[in-house]
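Just one chain follows, in the form predicted on its own, and it is written as structure tokens.
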Amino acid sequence: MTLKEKINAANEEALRRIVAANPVLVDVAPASEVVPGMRDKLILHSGPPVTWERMCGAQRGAAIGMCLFEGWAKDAASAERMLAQGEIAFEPNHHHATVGPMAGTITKNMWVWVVQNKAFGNRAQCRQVESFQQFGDYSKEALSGLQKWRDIWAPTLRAAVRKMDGVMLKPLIARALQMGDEMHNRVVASSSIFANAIAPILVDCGRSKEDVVATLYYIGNHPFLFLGLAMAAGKAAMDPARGIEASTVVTAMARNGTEFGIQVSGLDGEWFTAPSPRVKGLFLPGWKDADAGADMGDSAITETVGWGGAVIGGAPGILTFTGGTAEEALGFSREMRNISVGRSPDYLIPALNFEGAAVGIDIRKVMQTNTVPVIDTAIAHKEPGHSIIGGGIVRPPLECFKKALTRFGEKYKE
């Protein structure tokens, strides 16, 4: 068998595993209970590995916030000293079968969504999605949202999810995609479907009336509620495609605000990085491009699995967040088909005549076509202490794919 034949067979197997994924929400739990390798004085973060010295402003702010949330420090100044002196360890979420939005910070007492891929048995986790601490805001108001999630919302959701014996996510996602979601920054339909499904169970889940009412308000008024579930589902779907000999399929794209990194199935465990790019988009009132930090977050796992930018042509409502036109959005989804191994039989795009979403980004096709994936994303401030400032469209550096393909050639010589 030639190398080309080996690669094609490996990529077909990667595609098979990705489309066979059956993500099911099975729990909501403290990270200390479910995240592999979680320990005290450890902050998991988005993107490839990064040290405090190289960390961007927003991720630094989020890390300060986690020190305050955990009670490791009494104020921001002492938290910053601890972090600068190396008293707190940093490791990427992806090294722990976990993902996190924007700064992605997760510590032992942060509760996470737990999704099991029933087709392969593996699990993945993601923290809650909000618009403050994950962007670097460490104010009391920002931390209060984390505390309510820890003390009220997450434990109440856990009781309901367990009573339901899990929530199947694959049919929910397929339905939401046909209702105008793209599973990254447009999750209005999926959030509503999930809230409607779990609300009747919440009412009789054994928690106090006050906690149930508070949680019902939370899930009923959170337009980004489902993003955390989508990210965990995407991670759970992609992990079985890791480590396939000779596969050129991308298994992760992640950014820490300093570097953009990708991982490839046939080169499992290696990161291929380049400077994190700037996001082109729209800003909330009072903010401008000069305030923005570079691209950040693990949420590009949605594009990796075939959602987000791959299906943005079917989600024109997102353009109010990212900017651009409906025609451009359709063009983005068509582009993604040119760099992918195949199509999804389950996740269909009405605006593209119900064609399946592009699945399995191939580093060879990226380099052959000089086309990098399209990612829709939020924008964080370049300095610590701020909440979300905007949203837009970003593309990975081509250099990541070039490095990966070069390394692949070194490893798999005919």
Partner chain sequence: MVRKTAVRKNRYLDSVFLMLVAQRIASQPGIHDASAMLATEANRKLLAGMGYGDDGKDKDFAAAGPNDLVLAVEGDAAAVDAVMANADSYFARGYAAEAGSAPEPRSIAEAVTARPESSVAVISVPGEYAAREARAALRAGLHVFLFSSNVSVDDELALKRDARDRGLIVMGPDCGTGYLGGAGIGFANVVRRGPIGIVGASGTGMQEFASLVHRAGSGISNGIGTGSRDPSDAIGAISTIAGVDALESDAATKVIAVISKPPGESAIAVLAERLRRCKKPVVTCFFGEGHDDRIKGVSTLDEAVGAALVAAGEKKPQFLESEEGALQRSASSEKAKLQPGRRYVRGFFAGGTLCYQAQSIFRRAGLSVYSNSPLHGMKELTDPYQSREHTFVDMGAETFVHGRPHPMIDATLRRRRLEQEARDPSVAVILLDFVLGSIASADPVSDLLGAIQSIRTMGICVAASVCGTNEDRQSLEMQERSLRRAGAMVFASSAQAASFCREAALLLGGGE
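Source: prediction; values computed, not measured. Positions refer to the first chain, counted from 1.
In what follows, reference is made to the form predicted in complex with its partner chain, a form of this protein that is not presented.
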- 4.5 Å heavy atom contact with its partner chain in the model of the complex for all of N22, P171 and N353: yes
- Just one of 206-214, 234-242, 337-345, 279-287 has residues with a heavy atom within 4.5 Å of its partner chain in the model of the complex, so point it out. 337-345
- Message: Just to be sure I understand the contacts: of S78, Q178, N109, S131, which is the one whose heavy atoms reach within 4.5 angstroms of its partner chain in the model of the complex?
- Response: Q178
- Query: Is T51 one of the residues lying within 4.5 Å of its partner chain in the model of the complex, judged by heavy atom distances?
  - Reply: no
- Contact label in the model of the complex: S32 to its partner chain, heavy atom within 4.5 Å: no
- Query: Which of the residues spanning 113-139 lie within 4.5 Å of its partner chain in the model of the complex, based on heavy atoms?
  - Reply: none
